[in-house]
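As structure tokens, one chain now follows by itself in the form predicted on its own.
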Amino acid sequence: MANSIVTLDEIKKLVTDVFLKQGCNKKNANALANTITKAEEDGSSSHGLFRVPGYVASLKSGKVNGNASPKLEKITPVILKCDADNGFASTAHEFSLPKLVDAAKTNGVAVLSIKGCYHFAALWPETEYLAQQNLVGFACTAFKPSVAPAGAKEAFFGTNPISMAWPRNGQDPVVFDMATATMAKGEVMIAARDGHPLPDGVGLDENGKPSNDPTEILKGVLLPFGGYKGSAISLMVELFSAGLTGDVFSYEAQENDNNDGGPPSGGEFIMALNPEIISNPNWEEHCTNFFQKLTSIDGVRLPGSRRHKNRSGDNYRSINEELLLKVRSYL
């Protein structure tokens, strides 16, 4: 499949113009464009331009409010609730995360629950934002069922990603962002588009048989990573992002969604912790020594380092031509 070379600035302008054309106001279009451009900048192609058709489908169907204006309620000094106004998660993040930072800086820990948002991106932008404010960040969200619980052949969990970011003074934070499925569904979809086989253990076909064919897995189910261990963490994500936020579980998201190709409405749980208050005064030095000891082991790299390396490179990205044509067709 042929690719085209485009700049990050061109990507941001393109998607901003697309979302303005498709029914977003400037605030919502800019927030979404920032999220997509960050994904492409860091080499996370499965969560960048690849997601635009789904975003557009949700706007065209009327499912998502392109003029969303989130509201924030402070339940206690450390419990914040954001009503996303039926909009994309990116807008809710830009509105509510600074308030979460303030609460955690003052109190040592704070929790943000977001309801009624459409999350279709990676999770690392929100946790890394917290780490850049010298806080520890944790986030998780559920999705429509596509993952079979351990021992089953029927989808019940979403891919249910989790992300954690740890601050490092003067250096890039340590950040991981991973599906609790063996592989994120977007990566499986890209493998199907590009005709790449998948490793053993990613999923089952529609007959419940193990398969390496991404097209067949998309007809069947994904599997949790690590068997029952990943399945338990996926269950935890359901409870945090639905049970604690009061929003929908994955199976309920499926029941309520119009299946337009975009994300379902759901909740997100985000927590910020302030090590300046929680830990000892020498916490930064202590953790720096830990990371140095870890990376001295041959073959080890810190989570997030590959993305940060991509980010520090040039301003050009290689994008699938067919995808670019599709995105431009929305103008």
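All values reported here derive from a predicted model rather than from experimental measurement. The first residue of the sequence shown is number 1, and the count goes up from there.
From this point on, the text means the form predicted in complex with a small molecule, which you will not see here.
Heavy atoms of residue 66 never reach within 4.5 Å of the small molecule in the predicted bound form, leaving it off the interface. In the predicted bound form, the small molecule sits within 4.5 Å of a heavy atom of residue 159. Shown alone here, residue 88 lies farther than 4.5 Å from the small molecule in the predicted bound form, counting heavy atoms only.
The small molecule in the predicted bound form is not approached by residue 240, whose heavy atoms all lie more than 4.5 angstroms from it. The stretch in contact with the small molecule in the predicted bound form, judged by heavy atoms within 4.5 Å, is 296-304, chosen from 273-281, 296-304, 30-38, 57-65. The single contact residue among 189, 233, 178, 152, judged by any heavy atom lying within 4.5 Å of the small molecule in the predicted bound form, is 178.
For the options 82, 202, 248, 123, the residue carrying a heavy atom within 4.5 angstroms of the small molecule in the predicted bound form is 123.
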